[in-house]
Ligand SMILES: NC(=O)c1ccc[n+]([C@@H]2O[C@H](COP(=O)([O-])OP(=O)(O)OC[C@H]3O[C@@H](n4cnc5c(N)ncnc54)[C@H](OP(=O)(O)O)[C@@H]3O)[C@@H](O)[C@H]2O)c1
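Quick setup: one chain, the form predicted on its own, written in structure tokens, and binding and motion questions come after.
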Amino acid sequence: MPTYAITGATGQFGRLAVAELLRRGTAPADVVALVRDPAKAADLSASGVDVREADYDRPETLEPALKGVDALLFVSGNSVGARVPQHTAVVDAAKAAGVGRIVYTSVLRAASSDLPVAPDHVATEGLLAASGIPTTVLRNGWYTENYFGLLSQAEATGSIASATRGAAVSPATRADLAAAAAAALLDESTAGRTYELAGPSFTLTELAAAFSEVLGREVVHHEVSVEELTAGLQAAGLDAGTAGFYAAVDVATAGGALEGSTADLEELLGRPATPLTDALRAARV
């Protein structure tokens, strides 16, 4: 049987992907969990999953961890500014170890996106194309969970604010995107394809209405300027760099960077994407 490996297997996304592989009938012995700290994967090891140390910042750990892997789910790193050298190390190690196929988690419409995270993903897609390893590119939209912080704010204040200028966003739940990644990993025919993965679309005004429904109280959305948003984020305790990052995301959102179709996601899932209100209610449990 093929051996399937997942990087970042103790992270939120990676754990869901491992669980989905097992749910779909993959034998635990055929699943390799690649983690920075094996002690944090004791539960996976106890279930029969092969846990191996693999640290993006320690390239010497990568090639040995990838030996014997037929298909790799390469979950992108989360260190902005460090991704390109980290990802270069992973691709080099995969090539040296003889990995047969890679599934990579990129960002929605990476090549044309104004999102501040897009350049790292464009660079990685280029590395993968140059490697010669058959690759499936999963261009993931934003996680629905990214809006759960706003849900808490809405519950406390009855309002949310953005500088999205009425543009729609199309996030998907982390579980849906992880399930899609597992499906792509198991299906050799996805090699060579790029999937634009997005969930159901809504504006921030529609998000406020969904918050109202879930919370049982009126929530309103206020459109503000980028400067007002940045100042508000800093007043809430964010440092200037982080506040600027989130403001840049809203600017990109206003330009359509986070809006997409559910077609590719639902093709991989074999079912409809999780509706927004269902995700919000689950977050409240």
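The first residue of the sequence shown is number 1, and the count goes up from there. Source: prediction; values computed, not measured.
Unshown form predicted together with the named molecule; subsequent notes refer to it.
Each of Thr10, Phe13 and Ala54 is positioned with at least one heavy atom within 4.5 Å of the named molecule in the predicted complex.
Using a 4.5 angstroms threshold between heavy atoms, Asn78 counts as touching the named molecule in the predicted complex.
Looking at Lys95, you'd find every heavy atom of it more than 4.5 angstroms from the named molecule in the predicted complex. Interface residue remark: Thr205 is not counted as part of the site for the named molecule in the predicted complex, having no heavy atom within 4.5 Å. The closest heavy atom approach of Phe211 to the named molecule in the predicted complex falls outside 4.5 Å. Of the candidate stretches 82-90, 156-164, 125-133, 179-187, only 82-90 contains residues with a heavy atom within 4.5 Å of the named molecule in the predicted complex. Exactly one listed residue, out of Lys67, Arg217, Lys40, His222, brings a non-hydrogen atom to within 4.5 Å of the named molecule in the predicted complex: Lys40. Using a 4.5 Å cut-off on any heavy atom, the one residue of 174-198 that reaches the named molecule in the predicted complex is Arg174.
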